[in-house]
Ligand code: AHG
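What follows is one chain in structure tokens, specifically the form predicted alone.
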């Protein structure tokens, strides 16, 4: 179609910039570079097996591990490279921290340095690639040092409240870019004819109530009491204390989970548990939890570790992990209340503690 009622991402960002007459345009240009990286990754993902990039990286040596100790897929490595090459050259970044790399990535000497930091997971859910399940990219933008020096890990250790933008791209039946610049959440769908992201979902709002939750039930024996209490009450349905039936969903691709919740409500839980006592959770604070939390809260939802608001957590390490609960506000707040009252949870719910589906 030569004309469309939908604004492009570029038009949207120009309108946002007009609210700040003194803005230099660097921020908009950085976001467009990120969007271009997402378009490139979407194109590669769409080819599937035809692109020759399925499977593990370096299969001749049994695969390679990233800093997280996870086996890298070929597309993990390619997506990381795409993000770096599309964003490092333009002079908008002081540095970046990819999930796939142990240390921050310095801007090469031949390029100018800017005032922003980019943190990203280039391909979230990549273990699902070979079975054609939706995957995505997650990103967060922070303010960096003004000195032009090399960045350090400490520069990135900022709480989520200091993010200036966050979002994700979803590579599904349609490619979507979901973005917040601190003024609500907006969804853009990639028009394959124009090669442009078009504003199709303005001002997204997460419903405050829901009858749907997402959790990896195979970890139930490791859950803490507040999580067990919450899930068992949901499973009890109309005859239980919640007085309504719930559905359970689990895609094992956090971007896909977040997008479903953003569109129709729900609550996602990847809580802290006792499976690995040395870890405070499974998901990465800077690359996953903080950007998704900003998106959710800007859309009227809530995000938490269960014990405290996610955006208020002070990071202590670049690859720090944390428990994460996000989605419909009233459900997340209920889970937070249960964490604040663990003794009460055990005392007042003996039925579900003894007979629940996910009992210890």
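None of these values were measured; they are calculated from a predicted model. Positions refer to the first chain, counted from 1.
The same protein has a further form, the form predicted in complex with the ligand, not shown here; the description that follows concerns it.
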| Answer option from 115, 74, 282, 86, heavy atom within 4.5 Å of the ligand in the predicted bound form | 282
| Just one of 170, 206, 123, 179 has a heavy atom within 4.5 Å of the ligand in the predicted bound form. Which one? | 123
| query | Are any of the heavy atoms in residue 156 no more than 4.5 Å from a heavy atom of the ligand in the predicted bound form? | reply | no
| query | Does residue 254 reach the ligand in the predicted bound form if we count a contact as any heavy atom within 4.5 Å? | reply | yes
| query | Counting only non-hydrogen atoms and a 4.5 angstroms cut-off, does residue 250 reach the ligand in the predicted bound form? | reply | yes
| Heavy atom of residue 188 within 4.5 Å of the ligand in the predicted bound form | no
| task | Tell me the stretch among 236-244, 196-204, 264-272, 88-96 that has any heavy atom within 4.5 angstroms of the ligand in the predicted bound form. | result | 264-272
